[in-house]
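Single chain ahead, written as structure tokens, the form predicted on its own.
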Amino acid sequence: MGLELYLDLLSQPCRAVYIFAKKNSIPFELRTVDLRKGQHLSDAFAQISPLQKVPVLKDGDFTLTESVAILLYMTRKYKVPDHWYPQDLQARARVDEYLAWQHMALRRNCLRALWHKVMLPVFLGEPVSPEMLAATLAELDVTLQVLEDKFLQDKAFLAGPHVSLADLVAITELMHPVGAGCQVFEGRPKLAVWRQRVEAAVGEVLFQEAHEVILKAKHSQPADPTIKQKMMSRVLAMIQ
């Protein structure tokens, strides 16, 4: 059996894995795990991933979790263009630097923006105070400034002159608050032009395909009460 990817394109790391595999013509079987239906919390999925999170890669008897690990696995197994994860020591280190930073910075704040603005009130029916939302968006704004000043600077892409895994991971994160209706690129012309470059490098059709679900997130139907009960503690821990 070939590569299997367990994904939900509502998830930003899943979108990065999906885009990378499709862009590089890596053959895979898509196994959709519907997060809003709680399919990741099922006993059946726990047999695949005890962490009960997506994405998950299965390659025969080998199972791998964590999106960065999955992306790096695919760069090493398949012949993909060098720019994604360069062989040059320092160029690769720049990609690694961003991937190490983003977990508790951009990813966390983009995730919190989506949940505080849309998913908690709309999907789970849990009100979020204006003060909490304002604080979340202010923290996101600070992180966007770091992204521009520290990583993008005056370069075409985050790690250098060519698109890399750093850009792919970053853009899929930023589309979370975009899906919540946040104008993260407004007033940030440098970041807006970078987005256009990344989208062009990925391909506009593939980019739109991968983000169709998140761009409709604000129209999510309310969660089933049983699913809500199962999810609440995990969601609150995730967005702390």
Partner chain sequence: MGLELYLDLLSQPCRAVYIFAKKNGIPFELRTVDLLKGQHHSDDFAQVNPLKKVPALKDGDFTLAESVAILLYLSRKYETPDHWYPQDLQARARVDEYLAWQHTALRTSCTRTLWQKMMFPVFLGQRVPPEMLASTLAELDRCLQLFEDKFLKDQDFLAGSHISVADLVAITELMHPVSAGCQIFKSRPKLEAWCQRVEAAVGEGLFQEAHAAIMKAKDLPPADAAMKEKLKPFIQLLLQ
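Residue numbers count along the first chain shown, from 1. Here the structure is a predicted model, which is why all the values come from computation and not from measurement.
Separately, the form predicted together with the partner chain exists; it is not shown, and the next lines address it.
- Proximity of residue 240 to the partner chain in the model of the complex: non-hydrogen atoms within 4.5 Å are present.
- Looking at residue 93, you'd find a heavy atom of it within 4.5 angstroms of the partner chain in the model of the complex.
- None of the heavy atoms of residue 32 is located within 4.5 Å of the partner chain in the model of the complex.
- Contact check for residue 82: every heavy atom lies farther than 4.5 Å from the partner chain in the model of the complex.
- Shown without its partner, this chain lists 156, 122, 128, 146 as candidates; in the model of the complex, only 146 has a non-hydrogen atom within 4.5 angstroms of the partner chain.
- From the list 179 to 187, 207 to 215, 34 to 42, 63 to 71, the contact stretch for the partner chain in the model of the complex under a 4.5 Å heavy atom rule is 63 to 71.
- Heavy atoms closer than or equal to 4.5 Å to the partner chain in the model of the complex belong, across 100 to 122, to the residues 100, 101, 103, 104, 108, ordered by sequence position.
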